[in-house]
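What follows is one chain in structure tokens, specifically the form predicted on its own.
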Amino acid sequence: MLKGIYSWIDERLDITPLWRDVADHEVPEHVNPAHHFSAFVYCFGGLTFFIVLIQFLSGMFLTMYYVPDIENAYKSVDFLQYNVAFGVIVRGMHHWGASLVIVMMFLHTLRVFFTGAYKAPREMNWVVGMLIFFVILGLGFTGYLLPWDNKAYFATQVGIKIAATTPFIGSYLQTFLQGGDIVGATTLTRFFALHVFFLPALLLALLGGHFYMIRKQGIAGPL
């Protein structure tokens, strides 16, 4: 049955050459842990992407129960955690994954920097990678407020006040993030929209460009 479905799709989209290109693509020896133990540092990028996928999938599950308003946000998170089957596991994966993806992204960035992988002809991929890093930090910041508990509320106030100290555009950033003069209902709705729609869309676009350039330029070798 699966073979018939694949044949039906292949007749219309000609996907076989794409799969053959992926399957036959040789992995450079310097990134193969079977040949060099130090090659494990080249796995940080792939591990980061794997955690991003987990964040997407677990986040999609969480949005099925989360209510983005100040009256029901905390109640919906509490219900998800203690009344929904496997809810505590999925929320735990999303919660800890948010920290782990930043750690892995930081390690990946260090590997790229210390192996000189940011040099020509990969300068543009370095820029895209740094943009991905900033988007992931933005996802962590906007997601922190969503449980709408005391820790999230006051931590977000601190974060917004830090943003407000940015030269020239600080006041505009503060108004944009808060959605008004205080951290309130509009702030929660705005952070939810940024966290679920705008930043993930931007992240997917940047990841697409990042992987395209890696495929065209190859993986940089060691120094």
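The model shown is predicted, which means the values in this text are computed figures rather than measured ones. Heads up: residue numbers just count along the shown sequence, starting at 1.
The next section is about a form of this same protein that is not shown, the form predicted in complex with a small molecule.
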item: F191, heavy atom within 4.5 angstroms of the small molecule in the predicted complex; value: no
item: 4.5 Å heavy atom contact, P68 to the small molecule in the predicted complex; value: no
item: In the predicted complex, F49 touching the small molecule (heavy atom, 4.5 Å); value: yes
item: In the predicted complex, H108 touching the small molecule (heavy atom, 4.5 Å); value: yes
item: Residue among I132, A152, A73, L80 with a heavy atom within 4.5 Å of the small molecule in the predicted complex; value: I132
item: Listed residue (A117, L146, A98, V90) with a non-hydrogen atom within 4.5 angstroms of the small molecule in the predicted complex; value: A117
item: Contact test, all of F56, H195 and L199, partner the small molecule in the predicted complex, heavy atom 4.5 Å; value: no
